[in-house]
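Encoded as structure tokens, the following chain is the form predicted alone, with no partner shown.
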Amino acid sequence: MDTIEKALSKHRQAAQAELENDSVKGEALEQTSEIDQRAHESVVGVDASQFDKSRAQGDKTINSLEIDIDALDRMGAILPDDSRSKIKEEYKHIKRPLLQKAMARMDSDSPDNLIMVTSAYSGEGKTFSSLNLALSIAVERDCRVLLIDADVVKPGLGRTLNVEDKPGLVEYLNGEVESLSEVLLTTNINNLTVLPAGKTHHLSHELLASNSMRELAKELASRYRDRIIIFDSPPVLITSEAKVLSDVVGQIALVVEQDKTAQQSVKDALEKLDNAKISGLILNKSHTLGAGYYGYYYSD
């Protein structure tokens, strides 16, 4: 039984048990089709309407994350509302070529819907870029997003979303959980699911280079055609994990901080990556937009 089927089976069993507990008064169980539908949605992301419905019914089989919208506002991130902002417009430009390439692979086995966001060094804004890219793609009509904190050495996304204590990618790759569904977090933002990094591990390089990681990436790329998977990656020049992660994705976006990232550092980072996968550079903390670059204002 593969990873996806195990996850579906796990959700079916958990949802069935919850229904049985609610039926102590002898009510007939007539919701099997609803259970199967909810389970079918599970592995890369649960449909927002299904999640809201199950949450209202007191279903505790689905892990959830309540993203603090006020905190997003304070850090200058994209807000999940109908307001217009400069950062929303910038990320519309950033996401479009990434999505076009991802959607073009519909009839192939290419993993172009797996997008790695990285930088040469830490502190250049890659986590903020990953989060905003995911938030921007989540409003697309035809996409769902899985945002993975793959910086298993220093999980910045975990700190940003306050999920540092949650099990995640490391536990899954290390075989500490039976199913991926056990560590996925469905959020209060439509079409956005989060996979935390999990606890730090002394063999993080080996876990990301493992067959389990390759198999997970293959399933994420091929099983659900409408999913975009964003990996918040470790920095390229100070970790070995970034290089092994880059081997399983289809696209790479490199974050460059204006007036901080040296030109040589950008060149060194690009040399360590497969240039065929480089879809573009994101210029961070720029107050002037140039051709092909999009700036935003952030300090991490």
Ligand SMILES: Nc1ncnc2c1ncn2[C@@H]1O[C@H](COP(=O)(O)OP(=O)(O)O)[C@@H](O)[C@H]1O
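Heads up: residue numbers just count along the shown sequence, starting at 1. In this text, all values refer to a predicted model and were calculated from it rather than measured experimentally.
In what follows, reference is made to the form predicted together with the named molecule, a form of this protein that is not presented.
For the named molecule in the predicted complex, the listed stretch (207-215, 180-188, 220-228, 122-130) containing residues with heavy atoms inside 4.5 Å is 122-130.
Shown without its partner, this chain lists V139, V153, M75, M103 as candidates; in the predicted complex, only M75 has a non-hydrogen atom within 4.5 angstroms of the named molecule. At least one heavy atom of K285 is located within 4.5 Å of the named molecule in the predicted complex.
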